[in-house]
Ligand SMILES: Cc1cc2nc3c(=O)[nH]c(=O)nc-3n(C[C@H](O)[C@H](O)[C@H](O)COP(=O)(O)O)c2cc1C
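Next up: just one chain, as structure tokens, the form predicted on its own.
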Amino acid sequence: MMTIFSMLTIISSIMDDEAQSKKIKLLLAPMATLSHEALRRAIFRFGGCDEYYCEMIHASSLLAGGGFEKYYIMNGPESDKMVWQLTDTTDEPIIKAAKIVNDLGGIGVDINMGCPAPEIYRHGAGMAWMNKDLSETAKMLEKIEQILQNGTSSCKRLSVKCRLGEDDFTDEKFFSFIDMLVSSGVKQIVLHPRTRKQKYSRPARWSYVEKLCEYCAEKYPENKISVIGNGDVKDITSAKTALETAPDADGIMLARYAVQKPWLFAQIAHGSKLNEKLDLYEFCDQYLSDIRECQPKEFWKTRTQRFFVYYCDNFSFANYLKSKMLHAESHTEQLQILKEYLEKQTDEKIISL
């Protein structure tokens, strides 16, 4: 597989002439049950990315020292590029958990203020933080920023991943929230430009990523706030469209399409096809092996099922294959299903990246 530098200039097929020299970061999104070390290893084999956000860590569970928590804080294969994302319903466990992950090194700590999942939101975590009193949220962020700056680890940056707000959000309310983040020490903001109730069927509003860039550049010229856009980037063309809409963005965060195509980071960074061949069966075999190495046995089935929901979209009969994979009882059975499928669809086994 080809190797790429950790910070790459997106070439002319992605960026326009005026922006060709700008460095664009590529980030892995924090996805529950997906953004674990097995996925990071898969991405790394194609050259890696600039920042790996871990899957959302529930702070209280981390503090309780549960048997599975050690798997959430695994930091391979590029420990210096890790970003630790924390979530909880109140500030105290998040602050205490920040001390723990700060000692693990990496780039920094991220607070999840964008997850709209009902089971997260209704308990006061995730995106619920956007609706809390700004002073309450600011107090928590300020304490975490103190931990990061006073610690001995290289893990120093405080970031927040958020959305636009509720369906009735206003620019005034959104930018008041942004002002609070910046004044509390946040140095990177990842914006998924949808509201809480908007699903993937509605386009992400990358124009708001650009609005955020312009707002931070004008109001906080000395703070150098990094603005990252997240949403709907699935290939080179959509990456180009996103950057044309938000030319001042500092980076792109990839989520579900990075699970379907872990080589997508390399393609976007390269700005074109990679001129590489990939055996989709061998890739899958290696990924399942990494799952067994990086996850507890209790998670093998569910983590693999989540992976195949996306990975199967690489094949013509995706829904058929997904159904078979989701009902399989073991990795051995899943590999046999894939092998039998590819024996019939022989032209799908080897793809050009």
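Predicted model, so just to flag it, every value in this text is computed and none were measured. All residue numbers refer to positions in the sequence shown, first residue = 1.
The protein also exists as the form predicted in complex with this ligand; that form is not presented, and the subsequent description refers to it.
Across the options 225-233, 267-275, 207-215, 240-248, residues that bring heavy atoms within 4.5 Å of this ligand in the predicted complex belong to 225-233.
Checking 140, 255, 147, 128 for any heavy atom within 4.5 Å of this ligand in the predicted complex turns up a single hit: 255. Site annotation in the predicted complex: the residue of 321, 288, 328, 34 reaching within 4.5 Å of this ligand with a heavy atom is 34. In the predicted complex, at least one heavy atom of residue 30 sits within 4.5 Å of this ligand.
Using a 4.5 Å cutoff between non-hydrogen atoms, residue 44 does not count as a contact of this ligand in the predicted complex. Taking the partner from the other structure, this ligand in the predicted complex has a heavy atom within 4.5 Å of a heavy atom of residue 112. When this ligand is considered in the predicted complex, residue 58 lies well away from it, no heavy atom lying within 4.5 Å. Using a 4.5 Å cut-off on any heavy atom, the one residue of 71-89 that reaches this ligand in the predicted complex is 85.
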